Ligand SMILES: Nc1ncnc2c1ncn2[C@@H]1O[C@H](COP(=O)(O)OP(=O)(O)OP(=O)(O)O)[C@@H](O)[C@H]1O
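A single chain comes next, written as structure tokens; it is the form predicted on its own.
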């Protein structure tokens, strides 16, 4: 990515109103997400965090009745709702890691290689091997699996499976990684390893994470957005959100007065 690209936000949301059928679930959302930072979305269940996250690579298209009523989402300077947008290519640029680790019923190697086999006619085996190894290294998993790449991914622990899913997303060469509660199904030690990995990855990737764990938001994110009942209440540097919130609803939420 060149310097001129860096002058634009990685993701820009402008006056976004989003609905499922007739029910509006996001209202007048405006925010700019910077390159190579971690942004956390916090807020109570049902407030719109995951809906907003899924709008960034149009996974929301897969939900019947889901639609942008007005406004737009720009990713890397491009309005992603325009008719010429190829969602397959968009999702390669904007990778997704889900709450529940979801490896394919394939070997460790094939899990990482799966998404890039589309270009198999242009890639030799050695090139494919290199991408798999680099992706597993970036996901801090290579040393643990390098001697069993042909074994089932289901033989890995939960934390390893989640890192495998991160490697699978990285293999497609994204600029942005979306993580929807990536530690929710993990034990504390596995959670710590994923958090360390997020900090390492932001050197090269823009990361947006949905989390219910406010301590996690303070540990890993540069900026935090607090959503409540479809509204973006406050968006600022993480320490300002948690130490000096401007809005009373933000202060009440992070103080545990409601959840």
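Numbering follows the first chain given and starts at 1. It should be emphasised that the depicted structure is a prediction, and the values quoted were computed from it without experimental measurement.
Another form exists, predicted in complex with the ligand; not displayed. Remarks below refer to it.
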Exercise. Is the site here open or blocked once the ligand, taken in the predicted complex, is overlaid via the site C-alphas (blocked: 3+ ligand atoms within 2.4 Å of backbone or C-beta atoms)?
Worked result: open
For this session: Spell out, yes or no, whether the shortest heavy atom distance between residue 25 and the ligand in the predicted complex is within 4.5 Å.
Result: yes
Exercise. Any of the heavy atoms of residue 212 lying within 4.5 Å of the ligand in the predicted complex?
Worked result: yes
For this session: Flag residue 191 as yes or no: does it have a non-hydrogen atom within 4.5 angstroms of any non-hydrogen atom of the ligand in the predicted complex?
Result: no
Exercise. Even though the ligand is not shown here, does residue 50 get within 4.5 Å of it in the predicted complex, heavy atoms only?
Worked result: yes
Problem set entry | Region of this chain that lies against the ligand in the predicted complex, out of 200 to 208, 30 to 38, 213 to 221, 50 to 58 [heavy atom, 4.5 Å] | 50 to 58
Problem set entry | Stretch 12 to 45: residues contacting the ligand in the predicted complex, 4.5 Å heavy atom cut-off | 20, 23, 25, 44, 45
